[in-house]
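Quick setup: the structure tokens below cover two forms of a single protein chain, split into structure 1 and structure 2.
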Structure 1
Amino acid sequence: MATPAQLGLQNATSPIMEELIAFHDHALMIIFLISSLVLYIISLMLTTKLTHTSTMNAQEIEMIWTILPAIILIMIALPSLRILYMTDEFNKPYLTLKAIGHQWYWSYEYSDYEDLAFDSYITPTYFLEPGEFRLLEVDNRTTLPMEADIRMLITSQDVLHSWAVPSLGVKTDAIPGRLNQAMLASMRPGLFYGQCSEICGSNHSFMPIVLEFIYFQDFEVWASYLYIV
């Protein structure tokens, strides 16, 4: 999760997020190099005493400043398209989870299990335990197995919402009357926090998302316990 005064992205816990962070660093380095070159040329232009009043054209430099930007755009576009197709790739998901946005809470339905569904509300400040985070904790955490491809089906029952968990590299709009899908996976167990990322009303800031990834055997025990209850 994010920390105070953090400048970079959250630590990745999924392969997609690792790819997104690598692409971010790749694009940032290109931007840094271009900015440095432009600033250097501007400084030379401001400090030089040489002038070329009779120059009408320069084919060589015109070819360079036409071809070089095209090459740079290709260097950015190819990795971007690769990641775009990776985010839309669905390979035999182990589990399907449906998230339904409401004003102002989330409902979850485990499609592979009969009658396994619950609502997830924000935990009020006066109910927080020591070590829990204000405005990020919920009464029912969404439990999922780690190292498994999980298909998310995301929709809304009232207004536009957005289901987002930054450390997993997932952000999908929840639209009334429409099912959007996304794939997520976690390579390690733990708690991962997110929030609604679409302004959806007065309590938009109070729709946290908490995913708890656990081992396969523990997940089956958790699911069977909910059946018994």
Structure 2
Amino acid sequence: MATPAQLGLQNATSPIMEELIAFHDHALMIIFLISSLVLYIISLMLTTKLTHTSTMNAQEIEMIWTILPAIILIMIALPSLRILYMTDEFNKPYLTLKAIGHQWYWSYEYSDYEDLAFDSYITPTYFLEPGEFRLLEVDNRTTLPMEADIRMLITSQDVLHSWAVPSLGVKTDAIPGRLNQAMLASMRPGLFYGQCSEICGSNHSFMPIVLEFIYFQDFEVWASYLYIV
């Protein structure tokens, strides 16, 4: 989850998010370098008494400042496309989880074997235990096995919502009448928080998502405690 005054991305929990963080650092470094260069040149131009008012052509420098940006853009595009195709890779999901957005809570369905389903409402601030996070905790966490490919199918029962968990690099719109697929995979156990990311009414800020990744064996035990809706 995010910490107060956090500037950067959250730590990666999925391989895709690791790639995205590396790409972000790469693109940001390019941005910093270009901005510093431009700022430096501007400062040079503003602090000189020399003038030259008769420039007619500048063939060489025009070549440089056309070719170099093109190369920089290619250097940004190639890693970007690589990650884009990586997110579309064919994979064999271990389990399918449906997340359905409502005003103003999420409901989850695990229907591979039996119809297991539950609602996940925010824990109001008044009911938080010490150590819990304001506006991020829910009554029923979404439990999933770690180190497994999970197919998410995201939709909505009423208006547009968006299911996002930054640590896993997932943000997928929940559109009524449409099933959007996203793949999840966590490399470690733990709690990972997210929030609804598409304005959906008065309590849009109060419908968080908590994923609880646990070991395989424990997941089977947990699933056996759910009951049919």
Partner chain sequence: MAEEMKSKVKNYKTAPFDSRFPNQNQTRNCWQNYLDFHRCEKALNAKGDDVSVCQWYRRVYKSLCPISWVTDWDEQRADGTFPGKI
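Numbering runs along the sequence of structure 1, starting at 1. As the structure is a computational prediction, the values presented were derived from the model and not from experiment. Under this definition, the rigid core comprises the largest set of C-alpha atoms superposing within 1.5 Å between the forms.
Enquirer: Sort out for me whether 1 or 2 is the form predicted in complex with its partner chain.
Expert: Of the two, structure 2 is the form predicted in complex with its partner chain.
Enquirer: How about S202 - superposed on the rigid core, does its CA move between structures 1 and 2 by 2 Å or more?
Expert: S202: C-alpha displaced by less than 2 Å between structures 1 and 2.
Enquirer: So with the rigid core superposed, the C-alpha of T47 shifts by how many Å between structures 1 and 2?
Expert: Once the two forms are fitted on their core, the shift reads 2.5 Å.
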